[in-house]
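Encoded as structure tokens, the following chain is the form predicted alone, with no partner shown.
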């Protein structure tokens, strides 16, 4: 995969809303930002009603002055397109532009992200405002980058069950399967339950059925919806590039898997994401109650790192954090104040994973509306909040470490959004989903002190990797399978890998159908979460277990001798979910045999190696011992590597 340029400077930034504040304080805000050591300021992404208060009535003069003010202090602007918050007049113009939820309920005006990606009229309205912004600011000397829209998929707003989505889906299917509807009927297996269609206009969306809809129907609808996000984003990118040479980004979110970020990223120059470690702990990270208590003020030790590695891949080596949590947020089940030092730790961890920029959300806490309880770098009274001082410390430290670097990992995990669509359409284990499966494996590797690259399923060059891990990739094309089977790396497949066709039929021969590993999944056994399966060497399998047959050598068995994982040479197949500590030991054994150095890290201590430094991060509430000395809670230890 592409790695960041070693000459790329590590920089800091913030998110600013000049339209929220009296113009007479903009100058002081800009002066303080520059004094703090910030480089980047994102503006504009929610300002459509101030830019175009009514159709055709434009007011750009205030934004001109904001650009000029920031430019006077040497700050670079990231200009966001305002399409995540269409104003009321747009919604009145297109009353059918709102998305509908899974139950068919209409989303309404009064918040944000209140549009359906499939609505072509809304796309044309977006075309107009984006064109005007690009024409006006594309060559402005303060402009450093663009951001398209804001947080695609946030608030469960990717999948829409509107009339526009139904019409678009029918056309998408006709384009994919052609004039002969029998091809779709055969591919989906619609002979089952008399679900056959006589034509594409008969095909509805897969929600509100009496019982479960056809998994192939769901899968194709997820693919269609993802393609609408790609098309919506591409429209904006194409416009911007006509008028501007500045790089284009989008700020993705944590654990949003309902559109293909790699396909969106193909049209962008930089991937960014919005990192809220404490907010995500209970809301997204899937942490147990005990873990939520232990890491309440720090966040999950692996959730941020996973997304750093994911978005480094989505961005083809270039990635930022566009919104870094600076204090308590307003939207999680509970919103604790971070442990002192955590804002600095989160920032340095991002840089250790190759981030070019970390921008804090937001500059000043708003005293009104939905996010008034969300902390900023400044308090609502403009006094300096805790995050100001931690950002200032990082800014000072960056003077001694100005460039970002990244070490190519020995170990890679394949992550595929289409696989997530497949698991969502055909999930037969309670509390088990594709993201959680991948994250379990990632977390186990982090506990072993391993650098990890996350790769798309489109990746083909594995020459630099010594171990490749492919959990849960239900559909795998022949080319990828051939590349994996012919690589020199240790390849670990399963569970559920190579088990279904593109339309979710059970593969034939039976899965996993690997040419260099004689193993067959005879059947699948899913069990209660409170009834783990004891293994012969200690540890447990959990909830999902494939009954394996074949001549491949068992390397992990249950207490009755049944195979849980098998191996032949450099190919391994794992047929179960494993309890956390069991999965760690499973990987420790395999990686040690592959001569990859491992550690046994405690729950709250993490290591990351770059080309020039070795980083240690203490997510725990207690002091931790490292090979280089003790590390206080929320501490960061940086050790230069010998050249």
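These numbers come from a predicted model, not from an experiment. Positions refer to the first chain, counted from 1.
Just so it is clear, the following notes concern the form predicted in complex with a small molecule, a form of the same protein that is not shown.
A.B. asks: If the criterion is a non-hydrogen atom within 4.5 angstroms, does every one of 227, 260 and 418 touch the small molecule in the predicted bound form?
C.D. replies: The answer is no: none of the three residues contacts the partner (heavy atom, 4.5 Å cut-off).
A.B. asks: Which one of 255, 374, 364, 466 is close to the small molecule in the predicted bound form, taking close to mean a heavy atom within 4.5 Å?
C.D. replies: Going through each option in turn, the one that passes is 374.
A.B. asks: Just give me the single entry in 276, 348, 320, 117 that has a non-hydrogen atom within 4.5 angstroms of the small molecule in the predicted bound form.
C.D. replies: Of the candidates 276, 348, 320, 117, 276 is the one lying within 4.5 Å of the small molecule in the predicted bound form.
A.B. asks: Have a look at 268 to 276, 100 to 108, 568 to 576, 206 to 214 and name the one stretch with heavy atoms inside 4.5 Å of the small molecule in the predicted bound form.
C.D. replies: Selected range: 268 to 276.
A.B. asks: Test of understanding: in the predicted bound form, would residue 46 fall inside 4.5 Å of the small molecule by heavy atoms?
C.D. replies: Looking in the predicted bound form, residue contacts with the small molecule include residue 46, since a heavy atom lies within 4.5 Å.
A.B. asks: Look up in the predicted bound form whether residue 251 has a non-hydrogen atom within 4.5 angstroms of the small molecule, and give yes or no.
C.D. replies: Heavy-atom contact with the small molecule at 4.5 Å: present for residue 251.
A.B. asks: Does residue 112 reach the small molecule in the predicted bound form if we count a contact as any heavy atom within 4.5 Å?
C.D. replies: Within the cut-off, so yes.
A.B. asks: Should residue 89 be classed as touching the small molecule in the predicted bound form when contacts are defined as heavy atoms within 4.5 Å?
C.D. replies: Result no; residue 89 lies far from the small molecule in the predicted bound form.
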